[in-house]
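Taken one at a time, structure 1 and structure 2 that follow are two forms of one protein chain, written as structure tokens.
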Structure 1
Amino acid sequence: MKLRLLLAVIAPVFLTEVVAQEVPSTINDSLDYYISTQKVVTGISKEGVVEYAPSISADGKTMIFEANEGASYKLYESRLENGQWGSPTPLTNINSFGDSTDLIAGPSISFDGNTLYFSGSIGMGNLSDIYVSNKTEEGWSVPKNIGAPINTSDYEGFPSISADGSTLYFVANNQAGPQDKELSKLNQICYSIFRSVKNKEGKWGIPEKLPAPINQDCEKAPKIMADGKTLIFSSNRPGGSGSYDMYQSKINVLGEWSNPQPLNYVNTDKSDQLPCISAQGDLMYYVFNNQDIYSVEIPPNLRQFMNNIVQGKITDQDTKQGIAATLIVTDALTSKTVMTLQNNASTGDYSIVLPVGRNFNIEVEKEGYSSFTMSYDLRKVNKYQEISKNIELFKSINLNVNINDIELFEPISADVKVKVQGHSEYFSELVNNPITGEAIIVLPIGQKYEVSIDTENFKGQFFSFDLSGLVMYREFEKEVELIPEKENVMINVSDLMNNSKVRSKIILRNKNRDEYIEITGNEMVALRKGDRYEIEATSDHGYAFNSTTLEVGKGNNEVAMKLLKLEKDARLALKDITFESNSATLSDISFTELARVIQLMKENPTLRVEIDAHTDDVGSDRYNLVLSDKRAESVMNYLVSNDIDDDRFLAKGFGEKQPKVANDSEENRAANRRVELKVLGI
């Protein structure tokens, strides 16, 4: 007994001596300086009022504490603005829980600032329990008792929540009392520090009393720091400066608490307790002498933890309203989940405290929304940082489907139908823009979709688009190339007179789209079903051109083209040479056929032709003769203007004298209104 007392007296001397040996004198000097920085926190402290148990948000800008302004202790909040703590405002929703005499005390704000734990003695004769309240748009929610196994019929109070929200430290009665016999004799109310860990289901586990050297005599006011390893608490254990002093202990790699070190830069002979540390890690707030909240600068060598804070809002990209989301912080080194947090459901605010020295991945999740990821490698960071990051999540994506012809790569108009996989009804039906080929489909996240694209005379296409997993981008592009349905068409080219096959070149111009095919005659060609082709046959073996049109898919899969041998007196009927009514002015639809004539003349430089124009029988013979003469001349002029010598032409009008067919219908009359080329020489 005597020896133990002696030890109690000598040990501090010994320890001090050891410290004195190890710490340079400059630190000693500065320790004095830091002690001198102790001061009451102005703006919060009020005359005649006890401010107690401060808890500071992770960003260091909100302090919640208890004070006895009224009949009992209640909670107040103060905001740090321009370096000054503002006038405290009561947390009405929480303080009005119970009646005015009920004790609301020991607040601990979660690191994301959205959850508040506190102890309360609600109702007459009830001992303190721990309660929880969440921040809403209207303020703090009505508190809830966190229940068993943490709360019992006995006293539980002064909670402290860890940064990852998984561990709650608190105090409960120390039934055995202090180990120290002298203290034991004092018969004071004595507490021990307990810890409860959330299980996988999110329920609090059975609390365990922290072992020695944490719990020794009477301990209270535990505050677990942002690193989840450093615990500051108050104890009246022997060796302190007097009354309750603050001690700091840290879990080492073995999982053991280190010997608590008294915080000599703050401890006084009065009661010093209930610390909390600013986000920067350089300033401690605490309660001095059970009266006021003080602050003290922490000596650099004792600033054992430093945080970086990532904060911002999580909002809906379209409505810009805050949304509730889950933030999962994982250790990039092991892929272990470090913490799972919920942001403020109403405002969308979030705040993540990340201790420096580690590498983190953060995923933001919300069912039915896109996900977001960010990484913070803080392994080499050695300063406090506040990182602002607003996050916008979206409920739907835009799938931009570009529908093109696989061969021509031209936009195609098509029907786009979308349904949720497994559903029978279409979720969306639309037609794409025929000019650009684009169809923008808005698809809500969280489902698998089936998209079908169909259009006449093309093979339909189908693809699935899975939005049930992780979605991080809003804009998607999908190229859909439709394959045209085709039919084989045989193009036979033969001599007009003897029907023998002619070696020829066939040009097929699709009149519906920009398609140009060149083949040799007497070949099979696959043509697009439903499209109309202009087929032109030419031959460099002394033949004139011929042209026709074909609508594919009408059952006519064989085209017979007869070529006129270019020999004297041969007659080539030109197609689609038309004139303005009762006029010799060429219609522009004539230019296609005339271009063929120009080509023919150029390819056969010795060819001389007579341009014969004919009319129907409307009007007098005389008049029609004149009109046809003028029309023949008009054709000749056009050809001459395209660099063909005029001496290779003879223009002649025949009026209505040489009808091809009887002038007994408008169709036949149209057939008789024609222009022909008669070969004069070659």
Structure 2
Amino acid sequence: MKLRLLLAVIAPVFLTEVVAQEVPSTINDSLDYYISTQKVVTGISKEGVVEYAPSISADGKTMIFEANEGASYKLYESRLENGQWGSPTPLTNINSFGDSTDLIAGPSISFDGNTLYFSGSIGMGNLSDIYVSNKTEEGWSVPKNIGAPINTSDYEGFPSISADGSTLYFVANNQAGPQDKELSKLNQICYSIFRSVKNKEGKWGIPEKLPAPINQDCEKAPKIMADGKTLIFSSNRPGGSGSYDMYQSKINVLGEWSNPQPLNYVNTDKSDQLPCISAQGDLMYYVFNNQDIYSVEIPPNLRQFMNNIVQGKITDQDTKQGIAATLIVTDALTSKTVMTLQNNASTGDYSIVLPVGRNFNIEVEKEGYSSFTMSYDLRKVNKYQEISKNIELFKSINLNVNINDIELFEPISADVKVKVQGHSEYFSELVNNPITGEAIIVLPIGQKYEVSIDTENFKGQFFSFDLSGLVMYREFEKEVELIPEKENVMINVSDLMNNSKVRSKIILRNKNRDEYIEITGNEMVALRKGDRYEIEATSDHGYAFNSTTLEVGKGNNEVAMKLLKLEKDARLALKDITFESNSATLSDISFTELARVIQLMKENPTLRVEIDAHTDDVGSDRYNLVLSDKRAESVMNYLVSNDIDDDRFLAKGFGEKQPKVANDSEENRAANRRVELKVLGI
């Protein structure tokens, strides 16, 4: 036969029939409180069944209790919906942990509703141990024995966990027995209230027996309130109303417990015990006469410190699944840690009970994830509140790197490489968007990174990015401005005939990007390596223009430009004046050089020129002569259309009669297809 304690130790004994009427209260005129109406909790109590040892979550919406519907006491759960407690459901994984005759009793649900402590007489010869179960998406997990140093070979039962999860109150054998002589005569087994506190490593410390005036004779069922300072327990000490009565005591900053005050607004000559109160603190549930669970409104002057609840889910922002995290609550004024909590690892649910009158900071931490902080100033709050706050954490951030030219402020295509600081190999290599200059780098949280930016003909850049500490935001931007590599180029401008220096203006247009440079001739200029420039030289001292192109970095760090003196019969060969095949229609490439001619004509209003057009030797002489005439006229018409008088031009075609070089190759034929200006007068 299994060794059992008297059922009265763990569960009530039927002494009378189930009572459903209101319970009379005694009045203690010396205390300023009033008589509240006490009622049996409907929806939970069943006729012929004892409901015992209620425990309630901080939000007051979940109650877990024991009942003897079967061969032994097991645990049941009920939810409060629309002000009504729902039909209780058995906690299957817990109740089936032992066999049908094992006692499962004294539940204590954590204030966040994620952890359940209870006592059980499970297995042969087991007096009673304390067990723990965690809430999962499938329900309560298979319980585990909380182990030493709390559990021993003796009796431990009726646990109560503090709101911050750091302190566990419970009862164990009172080896000295009751001081009351009447109790001693009855050989009644007595219990004392003990407390165990978790250390920094999260291990339970050696239990300590609470001093007098808490432990006096036979104590039972301690319940620590949400404020962590108020303890309500049952005792049959002398001076009570009869049998077990309920008492309240508070601990001060020195760790001293106040003299327990009897809860005379609810104590009767029957057994009144096993109280529990939600964080709101206005309603108490308890067991009357060892049979049913009752509720009673607590007089305002006896209510615990007022609390607010912050609750919600902590989830992965990408998967939307619940994740386990640590919540650190600190005093905003002193920065001292008030409590450290763990949320539900399976569902992500969390609940924090905060006493009003203080200012709090809350930090949410999870290794490999972002951090989250929130603040609640409750110094002027004078009412109970339930604050909903869902929190999403993320494993990686997006670093948006914008790569631009430091001088021109335009995007640059570049290679982006990323490695963990201290590592030799790059784990990410990409090319940014050449149009926007943007590169998005995904970086896992928890490391320090080194990012290098390189592109041809620009000085590379390197920067560090630290994600090893507090990370609050997911999107980051980094502006990277690259400095172009340059070479000094000397631009010499001289007279075509006598090679003397000419005072001139030089305009350089970068063909690779939007860059425009203006200098005077015979000067050194720093040009971008690898870029191709169009160089134009003009002079207001009676010279024609000249143009050329330069690709910087090819070893040609000096440009010599010859200018033609504008005098009668001088000839200026125009560059890049081309036509459609066998046509007099100007091609688009011609308009750049023609714009220079227009400028020349406007800057020299007395200048008159002959426009001479030439062809190669392909085709008949007659055909080439007519074609060249039409091409010369086409150039003249374009110049006239740009507000230059037509009497300043003479158009003339020469066909193939005046080749510049022999028509013996395609390259030479292209050179012979040309347009020249001959100065008629100035």
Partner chain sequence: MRARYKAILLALFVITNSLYSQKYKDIYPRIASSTDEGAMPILKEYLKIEPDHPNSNLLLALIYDKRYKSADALTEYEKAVANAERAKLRFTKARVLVNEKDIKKNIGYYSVFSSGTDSKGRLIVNYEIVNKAMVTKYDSIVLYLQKVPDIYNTFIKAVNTYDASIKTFYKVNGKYNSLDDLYLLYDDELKTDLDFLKQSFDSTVYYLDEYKRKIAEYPIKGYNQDYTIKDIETYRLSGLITQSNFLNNDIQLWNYGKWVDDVNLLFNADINSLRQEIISYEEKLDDGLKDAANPANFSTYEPIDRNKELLFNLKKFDKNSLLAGIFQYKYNLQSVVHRTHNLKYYDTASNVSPQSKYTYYGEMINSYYLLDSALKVVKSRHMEHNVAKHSAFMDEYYRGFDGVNAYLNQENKNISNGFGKYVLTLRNAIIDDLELDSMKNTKVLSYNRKKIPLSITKHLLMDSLKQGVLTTTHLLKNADDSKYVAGVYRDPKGINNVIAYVSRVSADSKVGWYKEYNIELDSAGADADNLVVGVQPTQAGCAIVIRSVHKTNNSALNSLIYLDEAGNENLLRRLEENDYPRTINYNETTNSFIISFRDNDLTQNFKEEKTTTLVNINVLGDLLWKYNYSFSGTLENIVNTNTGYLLAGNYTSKKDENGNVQRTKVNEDQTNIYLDYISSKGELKKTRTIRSDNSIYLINITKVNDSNISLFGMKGAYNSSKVEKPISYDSDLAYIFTNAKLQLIYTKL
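In this text, rigid core is short for the largest set of C-alphas that superpose within 1.5 Å between two forms. Numbers follow structure 1, counted from its first residue as 1. The shown structure was predicted, so the numbers you read here are calculated from the model rather than taken from an experiment.
Between the two copies of this chain, it is structure 1 that is the form predicted together with the partner chain.
We note a C-alpha movement of 2.4 Å at Asp621 between the two structures, with the rigid core held in register.
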